[in-house]
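Quick heads-up: it's one chain on its own, the form predicted on its own, in structure tokens.
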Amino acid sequence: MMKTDTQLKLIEIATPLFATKGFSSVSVREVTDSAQTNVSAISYHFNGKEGLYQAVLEEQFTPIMQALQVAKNNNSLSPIERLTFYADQIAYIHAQRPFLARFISSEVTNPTGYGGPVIEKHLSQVYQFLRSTLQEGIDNGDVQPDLNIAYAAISLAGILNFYFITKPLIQKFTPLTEDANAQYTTHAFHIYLHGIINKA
């Protein structure tokens, strides 16, 4: 269902407010004043602040869900190519959605009754995609047969996303270039596939 211009504007305004201040510290009036709309607009379009917050989280995860669908529907990709595509998309998506990592971190460590289920739903879909892709890799011989796919799926999701969740802290330790996001995901995914031990 297509969102109205007012809904899109409210989501756009509310996203940085919720991300930086937290759900409970953002008032309906603060959002509607910033959006220059009637205070009843949030109730009308989202059934209240809770519904707006859920809509913000859904919008944050939309490109990830789209990337998963593309990867799943492209039968020409091998399991490793599918995982590579997903890893590449993560860097791009975090660059386009700079508050995504903050929402994930906040709702995983201190879930709200409204945002927790949304985050859980989407992370579950990512986990299932990674599990099924890894299993396909085992089945066709691309992946080690004794691999624990549950741990391998969790490891990949963690390797790719932990950097973005901790990036503000990481920047205090080491300088990051403009293309650090893409460089990191490429390097991290290479380590995930091949490890760090010198096989020579």
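Rigid core here is just the name for the largest C-alpha set that superposes within 1.5 Å across the two forms. Keep in mind that what you see is a predicted model, and the values were worked out from it rather than measured. All residue numbers refer to positions in the sequence shown, first residue = 1.
What follows is about the form predicted in complex with the DNA, which we do not show.
Answer with one of S43, S155, Q135, T166: the residue that has a non-hydrogen atom within 4.5 Å of the DNA in the predicted complex.
Comparing distances to the DNA in the predicted complex, the residue within 4.5 Å is S43.
State the residue from N140, Q144, N38, Q66 whose non-hydrogen atoms include one within 4.5 Å of the DNA in the predicted complex.
Only one option qualifies, and that one is N38.
Given that the DNA is not shown alongside this chain, does V70 nevertheless sit within 4.5 Å of it in the predicted complex, heavy atom to heavy atom?
Judged by the heavy-atom cut-off of 4.5 Å, V70 is well away from the DNA in the predicted complex.
is_contact(S27, the DNA) in the predicted complex, heavy atom dist at most 4.5 Å
S27 belongs to the contact set for the DNA.
Heavy atoms within 4.5 Å of the DNA in the predicted complex: which stretch in 30 to 38, 58 to 66, 144 to 152, 168 to 176 meets that?
Selected stretch: 30 to 38.
Does the C-alpha of V28 move 2 Å or more between the shown form and the other one once the rigid core is lined up?
After core superposition, the C-alpha of V28 moves 2 Å or more between the shown form and the other one.
Once the core is aligned, does H190 move its Cα by at least 2 Å between the shown form and the other one?
Moves: no, less than 2 Å.
Using a rigid core superposition, assess whether G158 undergoes a CA shift of 2 Å or more between the shown form and the other one.
It does not, since the G158 C-alpha is displaced less than 2 Å between the shown form and the other one after the core fit.
Closer or farther in the predicted complex: C-alpha pair V126, Q7 (3 angstroms or more):
It is farther: in the predicted complex, the C-alpha atoms of V126 and Q7 lie at least 3 Å more apart than they do here.
Change in CA distance between L169 and S25 in the predicted complex, which is 3 Å or more, as closer or farther
Residues converge in the predicted complex, at least 3 Å closer.
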